[in-house]
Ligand SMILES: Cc1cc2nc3c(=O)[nH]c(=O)nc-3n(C[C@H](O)[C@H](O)[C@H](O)COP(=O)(O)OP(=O)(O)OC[C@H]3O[C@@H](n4cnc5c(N)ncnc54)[C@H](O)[C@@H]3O)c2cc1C
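Presented as structure tokens, the chain that follows is alone, the form predicted on its own.
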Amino acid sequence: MTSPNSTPNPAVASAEPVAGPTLAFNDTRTAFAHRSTRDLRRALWMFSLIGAPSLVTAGARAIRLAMAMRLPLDGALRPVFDYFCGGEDITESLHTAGQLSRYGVKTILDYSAEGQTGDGALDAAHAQIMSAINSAKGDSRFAFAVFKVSALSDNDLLEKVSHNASLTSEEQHNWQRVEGRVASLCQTAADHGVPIMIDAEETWLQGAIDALAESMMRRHNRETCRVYTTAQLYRHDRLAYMQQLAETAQKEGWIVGVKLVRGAYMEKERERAIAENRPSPIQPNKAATDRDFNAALDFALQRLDHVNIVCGTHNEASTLKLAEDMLAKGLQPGDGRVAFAQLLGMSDNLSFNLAASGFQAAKYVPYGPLREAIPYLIRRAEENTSVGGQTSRELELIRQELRRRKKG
């Protein structure tokens, strides 16, 4: 069993390590070769603002108020949108995909509109995701397709299904439509040979998402890995969940595809747990999250015949660990059963240096109308503020490259 992205003759674990290039994540010439000096100066300004939590909080409130009042925002947010998003539609995003591809970095088109409700909006989101899958068919610039189940279902319905609550006849009908949307996306992706990832979401929605993802993996991952679920390792139960999935897959003869991330909803999860007077699903500290994340990498590398992974992180230590462990186990850097992914506009030192060393590296490239992408941009800013050291690291690397260009 292998991934559809595997090299024609993928190496498997052997007694002898593979001699590979030395990764240098501080190589800013490689990291920012695709960025103009003007882009970098703009990024310096943006990350400086993101590094100030009070400014992010005040700015997010002001933007949400302006949206509610339908004030014009395009001019103010366009520079931020252009840096972190591929474009307002797929056609615009193809330019970004081409630019990344010139440096060996693949693209994951990610429709960024959030919070849609009603069948019309849900069907429209389904159509957008389907268009992204069709755009990736037979195009080597693309690594994966991706979607959130909440883009295809009202959240209230997702929550009820996750808690095994009784559904009205109308809700049962609506849930069947959700299942149909998910199934059609995964079937089309499988038919086109495009691996597709199902994103993780809040714990109160995740039960239904897990069930859908497991069903799709059983259906499509018999010979190659087409469908990937997502495990957020800031949850204390996700390593055990991944291990259980792998055991089930091995017994039943299919492949687990899993994108490993630390997670994106920590504060919201803790607040809800307190409000509902129940234990928090979140790890006690960052060290526990890091421990489980790295343990998940180790677990997968020992079982690549039935566990394929996407390492979705901006953490340099985990990224370097996985790359070096692959080589030590005799895996070729480009073995398609292992991929790396970061967000567009962030951690370019990881993505571009990985690609330059032959590893499969990809960027999430969000797209969608600017106003509909605003919630995504706000979340990115808030997450960067809450992740200790990430913003300062981005600033350090950008300044280093600007100094290098000035001297040059």
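Residue numbers here begin at 1 and follow the sequence given. Just so you know, these numbers come straight off a predicted model, no measurement behind them.
One more form of this protein exists, namely the form predicted in complex with this ligand; it is left out here, but the text below deals with it.
So, residue 199 and this ligand: in the predicted complex, are they within 4.5 Å at any heavy atom pair?
Looking in the predicted complex, residue contacts with this ligand include residue 199, since a heavy atom lies within 4.5 Å.
I'd like to know whether residue 261 contacts this ligand in the predicted complex, with contact meaning heavy atoms within 4.5 angstroms.
Judged by the heavy-atom cut-off of 4.5 Å, residue 261 is in contact with this ligand in the predicted complex.
Heavy atom to heavy atom, is residue 222 within 4.5 Å of this ligand in the predicted complex?
Residue 222: no, not in contact with this ligand in the predicted complex.
At the 4.5 Å heavy atom threshold, is residue 339 in contact with this ligand in the predicted complex?
Residue 339: no, not in contact with this ligand in the predicted complex.
Residues 234, 266 and 285 are flagged as a possible site; in the predicted complex, is every one of them within 4.5 Å of this ligand by some non-hydrogen atom?
Judged in the predicted complex, 234, 266 and 285 all sit within 4.5 Å of this ligand.
Within 4.5 Å of this ligand in the predicted complex, heavy atoms considered, which of 270, 95, 218, 163?
Checking each option against this ligand in the predicted complex, the one that comes within 4.5 Å is 270.
Could you tell me which one of 230, 153, 107, 112 places a heavy atom within 4.5 Å of this ligand in the predicted complex?
Among 230, 153, 107, 112, a heavy atom within 4.5 Å of this ligand in the predicted complex occurs only for 230.
For the interface check, one of 244 to 252, 325 to 333, 78 to 86, 305 to 313 should have non-hydrogen atoms within 4.5 Å of this ligand in the predicted complex; which one?
Result for this chain: 305 to 313.
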